[in-house]
Ligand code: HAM
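Take a look at this single chain, the form predicted alone, given in structure tokens.
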Amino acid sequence: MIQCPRGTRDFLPDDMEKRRFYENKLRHTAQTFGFREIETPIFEDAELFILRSGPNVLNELYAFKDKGDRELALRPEMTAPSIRMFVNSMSNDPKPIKIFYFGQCFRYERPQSGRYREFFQFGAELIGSATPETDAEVICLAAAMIKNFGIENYKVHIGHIGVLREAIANAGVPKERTAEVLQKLDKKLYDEARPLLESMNVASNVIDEIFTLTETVGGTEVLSKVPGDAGDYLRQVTDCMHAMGVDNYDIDLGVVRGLDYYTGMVFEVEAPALGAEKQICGGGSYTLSELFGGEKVFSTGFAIGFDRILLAMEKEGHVYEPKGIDAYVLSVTDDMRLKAAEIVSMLRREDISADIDIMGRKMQKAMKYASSVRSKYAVIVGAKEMEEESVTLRDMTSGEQSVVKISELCSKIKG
């Protein structure tokens, strides 16, 4: 028996109903913030992702050559394709540009709980503005999405990459090696970061100060420890968030987001229900368009791990109940089958989800099937009732049934 590839999944009908329901919650929330949906190709030039993340990303890519000998890759994330699209097609549009996306991504890594080689990412980008209001808008959008999912226990962690960059630069770390250090600090790999910094002749007490900086977490009082413009900027961001009704956050100078293109505010959202691997969202302000041939444009964005957020909901005890269909139509005798077909078609024209017995089942088995597909009603088409232009309508939850005129059937089911 052939199985689906490691790190991928099949989604059965109940799974897809649940996923589409929550996808559309994300879409609706983004649209209420004035964001509009885009879609980009599922594969791109491999160079796009190398420019964004560096050559080491090749170890994670599903990369291949096409028949024209072009180096392509399945997308491992969707920020780079979105900014590539902006440079290609939207750079002259009025700013700011507010876009969102949802799609499959692919990374060759070890599958684990909530992490797959084929995964689904929702993200949003606000392009063309570098203000505290921009950053607050994006953080508040992410928080609104998580709240609208019903997740009760989550926390937004807000930092500023400039603080750590400055501390590392002052410690004497060469600019070309900053990203290497930040990636260790991003994952809190202090045992690996220390010898790395020591190899660059950074003093032990300075290393301790850098590590302490990454562990500085608290409320707005922490901002007094943030030197220079970064502290003032974050204060404006959090003031704006407060005005928008979002106060569930910490200032966390350990939020690093190790990629080079982040420039200022960075943030992550954690759901403690997930245990050690608790991050469900991450983002920040960045510049990326100049890498892809465009002019330098400031942006703020984030990505939500869709599978991770569904897992967090499950861990918190949220249960999605599949909706089923509105009506299941069955005929009592074979000579009523065409009438049943007419009735199911009438229901569908009125935007009522309806199915019909096409297996020729006896009444008991047909009713059992109606229950298995979670039909709200069974519409029983019998010869005696049809003489009065009526059918029997059975409520599948209560078991109550009544004879209903066909002309009133749609309104009865909708009501």
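A quick note: this is a predicted structure, and the numbers were derived from the prediction, not measured. So that there is no doubt, residue numbering starts at 1 and follows the sequence shown.
Below: the form predicted together with histidyl-adenosine monophosphate, not depicted.
- Not one of P132, A136 and F298 places a heavy atom within 4.5 Å of histidyl-adenosine monophosphate in the predicted complex.
- This chain is displayed alone, yet in the predicted complex one of Y262, F149, F102, Y249 has a heavy atom within 4.5 Å of histidyl-adenosine monophosphate; that residue is Y262.
- This chain is drawn without histidyl-adenosine monophosphate; in the predicted complex, the residue among G305, G254, G162, P96 with a heavy atom within 4.5 Å of it is G305.
- Segments offered: 325 to 333, 114 to 122, 191 to 199, 312 to 320. Contacting histidyl-adenosine monophosphate in the predicted complex at heavy atom distances within 4.5 Å is 114 to 122.
- Shown alone here, G128 lies farther than 4.5 Å from histidyl-adenosine monophosphate in the predicted complex, counting heavy atoms only.
- The closest heavy atom approach of R107 to histidyl-adenosine monophosphate in the predicted complex falls within 4.5 Å.
- The closest heavy atom approach of Q279 to histidyl-adenosine monophosphate in the predicted complex falls within 4.5 Å.
- Taking the partner from the other structure, histidyl-adenosine monophosphate in the predicted complex has a heavy atom within 4.5 Å of a heavy atom of Y286.
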